[in-house]
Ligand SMILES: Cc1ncc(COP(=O)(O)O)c(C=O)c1O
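Encoded as structure tokens, the following chain is the form predicted alone, with no partner shown.
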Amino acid sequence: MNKIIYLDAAASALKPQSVILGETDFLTHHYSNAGRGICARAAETDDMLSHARLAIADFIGATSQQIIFTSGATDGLNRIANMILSRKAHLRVAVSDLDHHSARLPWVAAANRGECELVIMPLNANLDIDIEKMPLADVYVITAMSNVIGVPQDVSAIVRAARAKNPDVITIVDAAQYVAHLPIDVRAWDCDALCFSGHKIGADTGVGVMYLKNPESYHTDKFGGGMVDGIASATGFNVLPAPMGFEAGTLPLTQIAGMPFAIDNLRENPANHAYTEYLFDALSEINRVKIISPRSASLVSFVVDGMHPLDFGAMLGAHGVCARVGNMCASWIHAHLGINGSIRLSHGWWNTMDEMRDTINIIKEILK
């Protein structure tokens, strides 16, 4: 087989050596549980957890009390939906065709149970959320960047428009794709909740972040060790303040230990848009290829005339190119475009321009 060219960063980023070494060092020399011991190792783990939380808070412009560790964006998006649904009934929830399944399906399931009503935020001709035509809602689910289109949304403007329609609105941002490409400032965005996964930025799988602007406004949805401040009676208990009150059970400590290293690597190796521009321009010259993402996007998504995306993906894989094909867990944008799936090339810090050229030559060979 040819040398592997990994162009599936949007699905999961490869891990820099600093993350691998950071996790190995934690496991080898410092491992202990957090918040449950008074020995030296336990103190080191508590310090690591505090340092990681502060690093993530600084990364998105939050405070450490607003950073809650989850198992990933899917976990966080489901949890915030459940917490909102537990305190309010008959909600009107605005979603869009840009949404990943993880952002929208918790609300679809709730709507099917009669717990909320879904309304759709229309897209404009550029496939951005049309701010001028946003419906009135109690909750707005905002996909900061589609994993198919790869274009950042103006989150601040969308949140402002939502608040203008309903001052008591709750805004939830799915930042899983956005976080790997552009800086986030939750204070400027003024969103109420935001979720992303560690593995999208080069950290490990099994860890994510749920930001809550006002965590005291929510009742925790998970119960167990580490979140209880005291048992008042056989049926009563007190919950610790955020973030601990939302982090029942043992956290994914090894994965958390790697997150500050992933953040540092991301800052030191910003996305190289010259790669996507090259792929866009080169693919534009191939007759059977129809590109569905703009040249300015953070990735390149396309379809091939007369060929199913899965068949094309299999042939790419046989030539050593790792790409994402299918509906990308984003069925609604594909339906909006009138297609059953697409092919996505997304690069990361590990890729080279030579790999971009090799990929184009492989695609030409496949389609010859």
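Since the structure is predicted, the reported quantities are computational estimates derived from the model, not experimental observations. Numbers follow the displayed sequence, beginning with 1.
We do not show the form predicted in complex with the ligand, though everything after this point is about it.
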item: Site test, Pro152, Thr276 and Ser293 vs the ligand in the predicted bound form, non-hydrogen atom cutoff 4.5 Å; value: no
item: Candidate stretches 179-187, 197-205, 133-141, 232-240 - the one whose heavy atoms come within 4.5 Å of the ligand in the predicted bound form; value: 197-205
item: The ligand contact at His100 in the predicted bound form, heavy atom, 4.5 Å; value: yes
item: is_contact(Ala193, the ligand) in the predicted bound form, heavy atom dist at most 4.5 Å; value: no
item: is_contact(Met145, the ligand) in the predicted bound form, heavy atom dist at most 4.5 Å; value: yes
item: Contact of Pro260 with the ligand in the predicted bound form (heavy atom, 4.5 Å); value: no
item: Heavy atom within 4.5 Å of the ligand in the predicted bound form - the one residue of Thr171, Ser298, Gln255, Thr74 that qualifies; value: Thr74
